[in-house]
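First, one chain by itself in structure tokens, the form predicted on its own.
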Amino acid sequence: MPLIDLGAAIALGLRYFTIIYLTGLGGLFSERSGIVNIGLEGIMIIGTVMGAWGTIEYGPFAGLLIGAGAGMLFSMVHALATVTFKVDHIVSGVVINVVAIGLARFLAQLFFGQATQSNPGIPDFGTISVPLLSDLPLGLGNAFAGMSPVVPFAFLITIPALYVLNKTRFGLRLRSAGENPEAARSLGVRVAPLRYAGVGISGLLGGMAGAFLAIEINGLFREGQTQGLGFIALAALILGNWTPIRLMIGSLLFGFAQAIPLRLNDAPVISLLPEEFIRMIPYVVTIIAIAGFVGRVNPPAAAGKAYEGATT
């Protein structure tokens, strides 16, 4: 196998990392506020169709923002159900995922004239070259010579995320709402707006990730293109113990696991496996990683628990 294929695999792995990490980071803000959000998959689905439409109409960067905005608006359904009406978080998340499929079909029919996909070849973001890394030998530099500008954005967003969660009043109050909402309320902190904000951030980043998937990886909206990436982002979040740095590491692991069956299927050993087994690799890696670490994680204490004073 030519080593240039390894560079292509790294490039694709970084793109999938971006999708998983942005979605998982959104889930982190939601769950840190106390709202479990398994509706990330559905939020991504809405981001794909709205991002594709926005890109066709206004260009890729506008499409990314439109997908993010649509994801945030759609996530408010989950916030309304769980915060205001105190619906079980898992039930609400499942409904979000189911509704998203039908809503995406409706929007695709409205925007593209067909329910299952848009026309292919929508504009992408172009590429940037990372100094020094793009000069790596043996074809590895190809991974960094044609990089999407959204990929370094995903890495850099970790810095403000850490700062907001650990150094700002908003972040500390958000975390208190997810750990002990009664204590936070006794100190005059309004829990409900914080939980709405956490879910809104999860929708914003999940919608952005969905738009990036449609624009940068597939070049179109196509029904089913998320392929469980929202659930893999949840797995990365659990593996990362609800912290941005560890979430980043988990997202890198799962991102490269996604790239293996797509770019390294001709590699020695891997090429000997049946194609069905190769396509199972990302999900097998996810199961093994979660099975090995799930007993060592500490989720926010109040995550998934209804708070009777949450409407104030």
Partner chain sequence: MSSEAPATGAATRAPRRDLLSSALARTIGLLGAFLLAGLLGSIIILAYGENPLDVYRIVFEFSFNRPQDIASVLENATPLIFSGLAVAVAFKAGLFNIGVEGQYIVAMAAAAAAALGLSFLPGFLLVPAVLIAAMLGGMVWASVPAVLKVKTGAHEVVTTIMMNGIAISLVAWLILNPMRSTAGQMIDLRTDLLPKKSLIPTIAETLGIESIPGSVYFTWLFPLALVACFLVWVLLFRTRLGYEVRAVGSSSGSAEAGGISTGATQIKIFLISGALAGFVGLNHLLGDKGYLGSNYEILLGFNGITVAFLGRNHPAGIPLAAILIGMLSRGQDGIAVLTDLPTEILIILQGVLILSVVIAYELVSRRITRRRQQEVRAEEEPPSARPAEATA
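Predicted, not measured: the structure shown is a model, and the values here were computed from it. Positions refer to the first chain, counted from 1.
Absent from the display: the form predicted together with the partner chain. The rest refers to it.
Annotation: in the predicted bound form, residues I56, Y58 and F112 none come within 4.5 Å of the partner chain through any heavy atom. The partner chain in the predicted bound form is not approached by I245, whose heavy atoms all lie more than 4.5 angstroms from it. Using a 4.5 angstroms limit between non-hydrogen atoms, F85 touches the partner chain in the predicted bound form. Using a 4.5 Å cutoff between non-hydrogen atoms, F153 does not count as a contact of the partner chain in the predicted bound form. Within this chain, V77 lines the site of the partner chain in the predicted bound form, having a heavy atom no more than 4.5 Å away.
Interface residue among V189, I128, L172, I90 relative to the partner chain in the predicted bound form, by the heavy atom within 4.5 Å criterion: I90.
For the candidate set I217, V94, A145, L73, a heavy atom within 4.5 Å of the partner chain in the predicted bound form is found for exactly one residue, namely V94.
Heavy atoms within 4.5 Å of the partner chain in the predicted bound form map, among the stretches 117 to 125, 232 to 240, 207 to 215, 157 to 165, onto 232 to 240 alone. Applying a 4.5 Å heavy atom cutoff to the partner chain in the predicted bound form picks out V94, V95, V98, V99, I101, G102, L103, R105, F106, Q109, L110, A115 from 93 to 128, in order along the sequence. In the predicted bound form, the CA atoms of V285 and A11 move farther apart by at least 3 angstroms compared with the shown structure. Wider separation of the C-alpha atoms of I215 and T286, by 3 angstroms or more, is seen in the predicted bound form than in the present form.
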